[in-house]
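What follows is one chain in structure tokens, specifically the form predicted alone.
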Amino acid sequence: MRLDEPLDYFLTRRGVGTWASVRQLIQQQQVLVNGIICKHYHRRLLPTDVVNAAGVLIKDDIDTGTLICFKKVGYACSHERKDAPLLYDVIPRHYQHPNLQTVGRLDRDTTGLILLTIDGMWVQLVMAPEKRCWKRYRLAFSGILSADAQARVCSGMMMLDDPRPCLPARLELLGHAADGLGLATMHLCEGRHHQVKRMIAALGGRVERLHRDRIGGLELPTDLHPGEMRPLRGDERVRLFEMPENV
């Protein structure tokens, strides 16, 4: 377990149950720490502590409460069945948890790095603009962007149908692909609805392909293929909040 991990986090992250059911177990005095009944949800655990829940030893296995995923095209980051197929439908059974949610969203036709977690507070920490957790998007676009596109993005541009200016961001123009589409990279530290697509539209273009490959200092792992996911490692969790050198 991680040093100073709360008891309810430890149990929930290791699949004992939902936040509610885990806390109910604790209330019912069915959770023991080092052989002693523990009644406190937020009891801080040490790596040497031994935890039992409802008579079962809870092993300190890999934390499956936060996953890193290579989202492939065609899947929606939604819990609504009307939006199927859903990203949640392809989560392997041994990673499934009723509290699992995506950290932000990627559009159905957008691919790349996305995180899922059972920790709602951690979602807010990653997504909060003031945390400056920059996201990098690779995109291909049609049309011709305005001559001052990069300056507008850098200064905090306005988008269509939005009264608030965007936070300052960064746009790199990278020439053209073999199919004639323009290539660019966008760096953002916020995550408004369809933001990259709306920004490019306001600049005169249309996003045709969109892929996110970095959040903070965390790159999309090379060991993941489209549609695959695995638990987030401790070193990756740290890199998530590191400032990339080229932003």
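Residue numbers run from 1 along the displayed sequence. Computed from a predicted model, the values in this text were never measured in an experiment.
We do not show the form predicted in complex with a small molecule, though everything after this point is about it.
- Interface membership of residue 137, defined by any non-hydrogen atom within 4.5 Å of the small molecule in the predicted complex, is confirmed.
- Proximity of residue 110 to the small molecule in the predicted complex falls within the 4.5 Å heavy atom cutoff.
- Mapping the unseen interface onto this chain, residue 214 falls outside it, with no heavy atom inside 4.5 Å of the small molecule in the predicted complex.
- Under a 4.5 angstroms non-hydrogen atom cutoff, the small molecule in the predicted complex has residue 195 among its neighbouring residues.
- Only one of 44-52, 187-195, 27-35, 215-223 places residue heavy atoms within 4.5 angstroms of the small molecule in the predicted complex, namely 187-195.
- This chain is drawn without the small molecule; in the predicted complex, the residue among 171, 106, 166, 115 with a heavy atom within 4.5 Å of it is 106.
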